[in-house]
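Just one chain follows, in the form predicted on its own, and it is written as structure tokens.
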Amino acid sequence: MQYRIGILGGSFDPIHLAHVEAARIARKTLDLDFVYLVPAGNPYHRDEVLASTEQRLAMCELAAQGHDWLQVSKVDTDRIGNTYTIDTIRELAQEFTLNHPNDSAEWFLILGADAYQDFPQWKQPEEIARSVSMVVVSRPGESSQELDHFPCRFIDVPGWEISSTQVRLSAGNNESISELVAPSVNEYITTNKLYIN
């Protein structure tokens, strides 16, 4: 059997409703069998994360509950050193081969429009582009341009303007985040007093 598998990586500090919606729309649009949520270990190109690795993993697991097509992978958090997408893809492919020796997989990398515009500066972008099909999520009506040598498919995700920064600021100011994250994630953030200034 050939599987169609999405990869959605990020700091997930915290994971919010737009992340899950992006995965859902990508799955529906591209007929994916499932989507991996891949929390970054040490994301070299991002600001320092505030929640611990264990907390970010726990929030991803909570967000994935009730979605049997959504799986959380620890390939990046288990790796020592910087997190590079090319390593993520290779390790997920190796893991898949071990677990499904008689099957094959077609891989789809789901990323935001901003990340896609920076893609030529990533580590080994040509190798990534050969290994996966790129799926770029953006807000409805947002115009994005396909990069030379790095073809992609654009999909609209309503609510994509939600950001983890917005969630952290609202939580830190003791404002409601119930419209931004899943109820279980909201409860986890509240219980663990995450992002409090």
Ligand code: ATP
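Numbers for residues come from their place in the sequence shown, where the first is 1. Rigid core: the largest C-alpha set superposing within 1.5 Å between the two forms. Predicted, not measured: the structure shown is a model, and the values here were computed from it.
Missing here is the form predicted together with this ligand; even so, the following discussion is about that form.
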Touches this ligand in the predicted complex: W160 (any heavy atom, 4.5 Å): yes
Distance check, R27 to this ligand in the predicted complex, heavy atom within 4.5 Å: no
Proximity of Y188 to this ligand in the predicted complex, heavy atoms at 4.5 Å: no
T165, heavy atom within 4.5 angstroms of this ligand in the predicted complex: yes
Residues S11, H19 and D114 all lining this ligand in the predicted complex, heavy atom within 4.5 Å: yes
Location of this ligand contact in the predicted complex, chosen stretch of 98-106, 114-122, 68-76, 85-93 [non-hydrogen atom, 4.5 Å]: 114-122
Heavy atom within 4.5 Å of this ligand in the predicted complex - residue from S138, S133, S170, T53: S138
C-alpha of Y36 off by 2 Å or more between this form and the one not shown on rigid core: no
In the predicted complex, whether the C-alpha atoms of H67 and G159 sit closer or farther than here (change of 3 Å or more): farther
Cα-Cα trend for E142 and S11, given that in the predicted complex the distance shifts by 3 Å or more: closer
